[in-house]
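Presented as structure tokens, the chain that follows is alone, the form predicted on its own.
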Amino acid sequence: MNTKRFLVLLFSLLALAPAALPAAMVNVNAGQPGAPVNPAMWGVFFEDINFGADGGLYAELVKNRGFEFPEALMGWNKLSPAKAKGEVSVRNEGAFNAKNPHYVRVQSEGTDLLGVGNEGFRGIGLRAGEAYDFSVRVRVVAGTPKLTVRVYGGDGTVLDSIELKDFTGDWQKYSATLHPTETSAKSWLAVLVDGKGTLDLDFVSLFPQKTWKNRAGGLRADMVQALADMHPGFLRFPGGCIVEGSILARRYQWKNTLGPIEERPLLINRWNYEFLHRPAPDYFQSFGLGFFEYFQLCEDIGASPLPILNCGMACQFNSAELCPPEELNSYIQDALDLIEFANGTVTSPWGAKRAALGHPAPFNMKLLGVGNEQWGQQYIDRYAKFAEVLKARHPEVALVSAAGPSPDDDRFKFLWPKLRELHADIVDEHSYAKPAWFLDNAHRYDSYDRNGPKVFMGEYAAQSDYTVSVKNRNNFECALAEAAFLTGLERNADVVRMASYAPLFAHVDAWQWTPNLIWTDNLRTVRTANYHVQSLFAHNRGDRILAVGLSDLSPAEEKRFYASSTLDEASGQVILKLVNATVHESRTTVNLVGVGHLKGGTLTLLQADSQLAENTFDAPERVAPRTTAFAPAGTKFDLTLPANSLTIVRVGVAK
């Protein structure tokens, strides 16, 4: 091609090319702060699913420590070498505690070690050089045998061994400390009778000394740290569907979770048998993590407590069993007693019980959920009875009511008008949907009634496949869609008071549901991209809404560009959150109106090398926020937002 023809073609193409699109304009009215943002807006929702409590947050390492599972030796193996002679049996005569009556009797002829081994929760996680407290209740029946306690690594290596002796004919607690020589995520525990004789064994326990705040018998430190690092405004507990139970006899009853752990009766977990495709026959609730521990955890991490109580309805996805109307008063009394337990004086009956557990000061509970995810007239009838009594006796406690399991179906549409008529305080909405739903619903609350009940988006999570699919992934596409949705919650913080992702925890070898906010194994945690999104919103909450206007958007940006802004009154900073959910970088101009000049601040960016990127145990920081200093020259400044990214700008303002 000659030069003349090339130039003619080039100029022809340039003439046909569209003019460069103007930068997207983001106008923030920084001089007129609007409605306040709830200080507890961004929180966490805990449910004992995916081995979230036993085998998770509750740091006990022995499964079925009291031999109370329906199969009394589930989690245990009889350890009987070839030379050993004797018998291992489960009994219940003369138990040391009537509420947990089963124990193991080991009758040994002394020819070799004989006893039982515990597999833990998909293994026992032990770290080299750390200390682990072992305890067991023992009663000697015959002879003077000793007890050898060992921990083995996954490959069979003995990591440590201790000896206990001098037992009596009465039940006594015996303790020792183990110090593993190697780190192993798949260790196991052996409890062995050494010598001729018979011993009864019960309540076998192994705890790391390095629990959260080093509390004996406490919570797993790294899991609590992940919660504390989020700066959650509230903690909703203990669930979820386990509050309801598949039948009312299996509902969560908070009073059974108080007092000595030996007296807390075992309960089968609803997630033990819920899914045919993910059975968990060894999933039970020991209630070592009970209501007192939940309240204590809230206090530790600075989160407002939000307990959820059964309203007289079993899970409607299961039996849908209803408490007879004449028996509902006992459920309402449980709610009244809980308020007294949390907030009452030490001279009140339930306040005294709290004080006896070591916490004379009240927990200052301001929120209480009535039911979990119920629907229909039967729920309205029951909620109305709860509300009538609780609002008369405790108007200082806001009640959280249910709006069913879906954000827009017939059940939802039935409940909202009814709850509005009842002047409900806060309505709990749930949404598990594809990323597109979250992107399309960022303006969902723009048109909500400002004078009606407030909203708690109590369970949300983008599903990469479909709800309950085992193929759901915590990928960046889902996290970014959630970020876009959260800008809509923040812009409407006068209506939306709280939000939390669900579920919270999942053990990588023992999950029933995915996706989840934080994944664990026996030694580690992984903070997902979704975790970082909610954490960034919590860390950058602000105190008052600032109005945001968007203009000059490209066609793609019209559909997939999102913004919200707040004012942090303590620091005097404007916080601007921008989500570019398009496949192209966005040239953006930010105009802060109503301020004289800006001070320096920071810019935080969350992006990924792929929409399918996710954090794993091998690559836990593949998707993680990066913060840099940011000091724009004036109140109007340019930004380039990468494709598929969340950007948070914080700048100080002055008039």
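The first residue of the sequence shown is number 1, and the count goes up from there. Nothing here was measured: the structure is a model prediction, and the numbers come from that model.
One more form of this protein, predicted in complex with ligand AHR, exists but is not displayed; see below.
With the partner omitted from this view, the residue of Y445, F284, Y432, F291 that lies near ligand AHR in the predicted bound form is Y432 [heavy atom within 4.5 Å].
Note on the partner interface in the predicted bound form: the residue among S108, S565, T520, N372 having a heavy atom within 4.5 angstroms of ligand AHR is N372.
Only one of 59-67, 601-609, 584-592, 44-52 lies within 4.5 Å of ligand AHR in the predicted bound form by heavy atoms, and it is 44-52. Here the marked residues C241, W271 and P503 all reach ligand AHR in the predicted bound form, each with a heavy atom within 4.5 angstroms.
By the criterion of a heavy atom within 4.5 Å, D200 is excluded from the residues contacting ligand AHR in the predicted bound form. Among residues of the shown chain, E459 is one whose heavy atoms approach ligand AHR to within 4.5 Å in the predicted bound form.
Put simply, W513 is close to ligand AHR in the predicted bound form: some heavy atom of it is within 4.5 Å.
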